[in-house]
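Heads up, the chain below is alone and in the form predicted on its own; it's given as structure tokens.
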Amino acid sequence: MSAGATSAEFRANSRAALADANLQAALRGSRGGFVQKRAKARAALPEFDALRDEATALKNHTLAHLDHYLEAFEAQVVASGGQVHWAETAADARAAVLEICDRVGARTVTKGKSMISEECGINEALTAANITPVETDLGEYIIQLRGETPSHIIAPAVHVTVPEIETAFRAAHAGLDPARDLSRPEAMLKEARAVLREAYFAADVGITGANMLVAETGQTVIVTNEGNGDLTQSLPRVHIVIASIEKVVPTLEDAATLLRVLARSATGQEMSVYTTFSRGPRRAEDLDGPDEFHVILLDNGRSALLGTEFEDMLRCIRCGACMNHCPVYQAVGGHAYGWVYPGPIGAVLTPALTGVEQGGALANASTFCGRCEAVCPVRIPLPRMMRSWREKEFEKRLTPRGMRRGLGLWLWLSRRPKAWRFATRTAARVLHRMGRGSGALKRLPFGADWTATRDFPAPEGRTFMEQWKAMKR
């Protein structure tokens, strides 16, 4: 997977996605569920919007003092017997993981769901070092069997249909009874649980991400709806946490505030089934837990966003609400975006991390309807930042030639009032005649892609200026 789709690649990916019957069936099956559940959860909590304001303020405060809270977090981790590894780049994070695994002689690694590990390419690095990574989140396990990457932040296999999962299970679990019934999701879940149970006990190292890092206590927090995260971090001899630097929060009370908006925004739950706080390796009196506890703190371009027009992106708590409500994402799915982060968050974060040359075109994958910002639990102004990326893309002459020429023509006309009035008057009359009878244009000149799936209202025949002058008479 490249570091973000170019404009041509996104168009090609989107056309392929729209023509993929299985993908469209999967997207239809998920469409609306997250939206309805979030709306219900929001309505049941009168102070929800006040909590969003509080969550936004605490994230802004943390970003303004990020160095202080990261150092406080490190001190607490070390005090509890753990180790902190600072990774400036994804390559540094991979190197830290491989060094730990090599030192302890790891051959199998279990992993909880982590977008940061996807960003760093941890699975590929482990495989190249002859270490077997096993994804333990059910959705991640499914796409690992299929050789794919996540298409959603919280539902990585949302693009896969039940028959496709059955095919993957039969291919991967060839030693099981070929006559077994896998037509029901419950049967597949039971089979995955049995297979993964063996991996938990065989693993030498467990790797998880972190939804939050608590500076006050040195704790890492994971939020899941499966027990895989707890087993991944408590059964192996070594637990590695990989998290980006903006995940730190000052106190446990702040963590509780974010938890109240996180699950409601993501899945419509009051709280996730599992919310696990971890701190350090096993103590002498503990019955279980890892012998070693490592936290890898990844920058990978994030500190460069501080103080810029994109700093607000660092408030993101990875709930996925923006993509759940995005009409573009819901039409083409996550893989069309070409890298780790899809949807509106990907349209802003990908070019920030990989460069406008690589991912700047993704900012064009938006209708600017504003739903992403309206539902964001930490009020990230995603449309405003997408506009900023569009400006940077245009400045570097990365936008398609046809778009640049069209904007150039608009600029030329807008500076010449007589030419502008003549052009708009002519267009209004022509389009009015084309839509006569139905009041809508079935085929818009230079806009066939738009009218292929929707009607465009036909002008009434006179421009606004003409109507305004008529009213003044």
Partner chain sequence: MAGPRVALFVTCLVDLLRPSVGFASVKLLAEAGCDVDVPEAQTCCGQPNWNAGDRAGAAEMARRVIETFEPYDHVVLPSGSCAATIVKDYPAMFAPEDPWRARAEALAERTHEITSFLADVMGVAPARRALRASVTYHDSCSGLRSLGIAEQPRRLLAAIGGLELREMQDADVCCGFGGTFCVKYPEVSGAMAADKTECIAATGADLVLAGDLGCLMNMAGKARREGRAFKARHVVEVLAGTTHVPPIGDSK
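Numbering follows the first chain given and starts at 1. Quick caveat, the model's predicted, so the values are computed rather than measured. The term rigid core refers to the maximal set of C-alpha atoms that superpose within 1.5 Å between the two forms.
Just so it is clear, the following notes concern the form predicted in complex with its partner chain, a form of the same protein that is not shown.
- Using a 4.5 Å heavy atom cutoff, none of 302, 314 and 354 lies near its partner chain in the predicted bound form.
- Distance criterion of 4.5 Å from any heavy atom to its partner chain in the predicted bound form singles out 31 from the list 31, 433, 40, 65.
- In summary, among the residues 171, 75, 273, 403, the only one with a non-hydrogen atom within 4.5 Å of its partner chain in the predicted bound form is 403.
- Partner contact region in the predicted bound form: 320 to 328, out of 101 to 109, 194 to 202, 273 to 281, 320 to 328, criterion any non-hydrogen atom within 4.5 Å of its partner chain.
- Heavy atoms of residue 58 never reach within 4.5 Å of its partner chain in the predicted bound form, leaving it off the interface.
- When its partner chain is considered in the predicted bound form, residue 46 lies well away from it, no heavy atom lying within 4.5 Å.
- Interface residue remark: residue 347 is not counted as part of the site for its partner chain in the predicted bound form, having no heavy atom within 4.5 Å.
- Although the partner is absent here, residue 22 sits far enough away that none of its heavy atoms falls within 4.5 Å of its partner chain in the predicted bound form.
- Taking a 4.5 Å heavy atom cutoff to its partner chain in the predicted bound form, the one contacting residue in 338 to 361 is 361.
- In a rigid-core overlay of the protein, residue 429 has its C-alpha displaced by at least 2 Å between the shown form and the other one.
- Once both forms are fitted on their core, the CA shift for residue 81 between the shown form and the other one remains under 2 Å.
- After superposition on the rigid core, displacement of the C-alpha of residue 399 between the shown form and the other one amounts to 2 Å or more.
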